[in-house]
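Shown next as structure tokens: one chain only, the form predicted on its own.
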């Protein structure tokens, strides 16, 4: 397992980020602390200089693990299951831009908020629309050697795909090898009755992992049981990234990122394969 830190441009509408600002400074900070990679949350990839980010990453010897897409939903309302077909089409086009950006780095693309809300529709109705959209996007991503990961989010943030089991069922319906699951400790702490069991259930499609404590602060500042989670990750042979996505608390961006990094290093010493 390797470490990553989620960073974002300064216009991000989502606050649960240890670093939000100049992407280059975020990459430099992550490297300074010791992270193996960054995960970049981007609203519109066409407004980011990917060549500059790549040059900085290569020079520093740090990777880009994944590209987040949720800002496009939070700021613009783009989503894959909107009742308006034109919105769905614009969302697919934007996600293709994210895929093109990610292909520069060999990074994954995250499908979180951008999947949309089902609102008055049944789960089955939303899942049918979402799966059809995802097959098209996944096929495009496959042509770019990019993997997509769907992230279950808690019920207080969105009303579609809240648990790992629900998401796993939909991933099976999509039926594309380059579509998997991103598990997040903060959301699992709310939604999963048995976190260890849920992780084991999706083990063959667990492609990425987010970490924050129970209060969404840096890991190590709340009461989440990370040792039991890392024990399961070790048991199932997970060897992907552990990506820190937390609030810049208790007292600032870099300190929060450093607390998270130190917590991960302690856990790795016990459970690293």
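Numbering follows the first chain given and starts at 1. No experiment lies behind these values; they were computed from the predicted model shown.
Keep in mind that the form predicted together with a small molecule is not shown, yet the notes after this line are about it.
Can you say which of 101-109, 86-94, 126-134, 151-159 gets within 4.5 Å of the small molecule in the predicted bound form, counting heavy atoms only?
Going through the listed ranges, the match is 151-159.
Could you spot which one of 216, 50, 205, 31 gets a heavy atom to within 4.5 Å of the small molecule in the predicted bound form?
Going through each option in turn, the one that passes is 216.
May I ask you to check whether residue 43 falls inside a 4.5 Å heavy atom distance of the small molecule in the predicted bound form?
Residue 43: no, not in contact with the small molecule in the predicted bound form.
Does any heavy atom of residue 184 come within 4.5 Å of a heavy atom of the small molecule in the predicted bound form?
Residue 184: yes, in contact with the small molecule in the predicted bound form.
Taking heavy atoms only, is residue 113 within 4.5 angstroms of the small molecule in the predicted bound form?
Output for residue 113 is yes: heavy atoms within 4.5 Å of the small molecule.
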